[in-house]
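Shown below, as structure tokens, is a lone chain in the form predicted on its own; questions about how it binds or moves come after it.
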Amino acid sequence: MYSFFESVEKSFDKAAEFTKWDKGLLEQIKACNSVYSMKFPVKMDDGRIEVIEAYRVQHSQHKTPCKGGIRFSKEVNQDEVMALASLMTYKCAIVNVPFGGAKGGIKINPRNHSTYELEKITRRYTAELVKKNFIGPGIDVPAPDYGTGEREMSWIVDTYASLKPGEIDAAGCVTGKPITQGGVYGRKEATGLGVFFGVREVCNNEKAMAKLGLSKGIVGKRVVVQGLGNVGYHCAKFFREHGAIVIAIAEFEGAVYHEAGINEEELFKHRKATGSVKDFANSTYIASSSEALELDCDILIPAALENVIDGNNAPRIKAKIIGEAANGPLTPEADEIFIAKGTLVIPDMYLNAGGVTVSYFEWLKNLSHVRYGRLEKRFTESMNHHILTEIEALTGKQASIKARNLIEHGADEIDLVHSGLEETMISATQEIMDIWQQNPSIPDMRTAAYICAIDKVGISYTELGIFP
């Protein structure tokens, strides 16, 4: 059984054999450059002092700043944070976001702490990062991850700004902030939407679909989603809205199945009201959520935690396509089984890059101090109005209200963010698929993705002159 970081290294080594780079450079690319392990005391609401264990890992500084989320979980450990930081480096390289990889974690269960306690822990963690120069808009830019969100990011930016008075770009020290604190529209759904764009592009690849015996496109494909958190919810939403059939959704307390399709919004409301997915209308309840992974479907989306599919249950997985929305949901043993079975695994290291892509847009917005669309939206609408008016005058025909609204609409921030994310995911998918399909000896899409990442990071190192 491999640790999470060893699993990442194993995948890296498999891909490295297909690259041209010197062994020493490959070792440098693979290594975590900086690991900051810390412990600090925080006084709880009942007066007792609790020593908090936390980490921040900067995997690579081939490009700066480093970028990666902060998770709050009792399962946080150094190995996990190192693995996630490594994946961030490769992820950013693949989608051409100019960051090095990083990751952070605080070893707590946020459900066991009050809001005030969580705020004190977050602010103290931020202060520790500032002390060691492990945070800053040009150094290392955290973001939300498992167990964190906009609230925690607003505490981080406020703490950073108070410790760095007068720093004009302080808002760029962290992303995933509330809109009022410099956040960007579209960040919340970014990861789920990015997963959808990536899977859709793979499904539009005729050669790949023919090999799996599936029709081209996303419409009509049966989808199983594991996880009803932010990522899983939005994955289910976008697949359903674009014509796929979400036949099952699993959570830790069980899963619900309905062949005709499940509406994720209705299920979310039911779970919020009852505390469980059980007894959801017009559906079959599956007591063991892991059994939902083994349902007969076209696409499986594990959007929860790592290592949920391993050497034990992989032989029973019936999906022809697995889209890794979570970080590391498959073990190396599972990978080998799926290669033998001919199952197409779309790897996490780029598929869930929607979050970091939109975080990049937010960071740029913070550095430019202007929201997207502010300068051109009204001009575009005015210009489109004049063009449409001229066309109507020349043709003697009037556009319908619906057509007029569509044509005259100038792009809002969310339109530009979604468009930028779609272009990013389409380009990355095509690049990886080309590498994979042009070399028959490459065993799977994950290896092709690592090859793509290694080549880009290797080029960065050589251009820096570190390895002439």
Ligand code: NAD
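Definition used throughout: the rigid core is the maximal C-alpha set that superposes within 1.5 Å between two forms. Worth saying up front: this structure is predicted, and the values here are computed from it rather than measured. One-based numbering along the sequence shown.
Separately, the form predicted together with nicotinamide-adenine-dinucleotide (NAD) exists; it is not shown, and the next lines address it.
In the predicted bound form, nicotinamide-adenine-dinucleotide (NAD) sits within 4.5 Å of a heavy atom belonging to residue 230. Within this chain, residue 250 lines the site of nicotinamide-adenine-dinucleotide (NAD) in the predicted bound form, having a heavy atom no more than 4.5 Å away. Within this chain, residue 199 is remote from the site of nicotinamide-adenine-dinucleotide (NAD) in the predicted bound form, having no heavy atom within 4.5 Å. Using a 4.5 angstroms threshold between heavy atoms, residue 305 counts as touching nicotinamide-adenine-dinucleotide (NAD) in the predicted bound form. Contact annotation: nicotinamide-adenine-dinucleotide (NAD) lies within 4.5 Å of heavy atoms from the stretch 250 to 258 in the predicted bound form, the single such stretch among 250 to 258, 376 to 384, 73 to 81, 132 to 140. Put simply, of 93, 102, 174, 325 only one has a heavy atom within 4.5 Å of nicotinamide-adenine-dinucleotide (NAD) in the predicted bound form, and it is 325. Of the residues 271, 113, 124, 341, just one reaches nicotinamide-adenine-dinucleotide (NAD) in the predicted bound form with a heavy atom at 4.5 Å or closer; this is 271.
Shown here without its partner, the chain carries 58, 62 and 154, none of which come within 4.5 Å of nicotinamide-adenine-dinucleotide (NAD) in the predicted bound form through any heavy atom. Residues are counted as partner-facing when one of their heavy atoms sits within 4.5 Å of nicotinamide-adenine-dinucleotide (NAD) in the predicted bound form; in 122 to 157 only 146 qualifies. The Cα position of residue 242 differs by less than 2 Å between this form and the one not shown after fitting on the rigid core.
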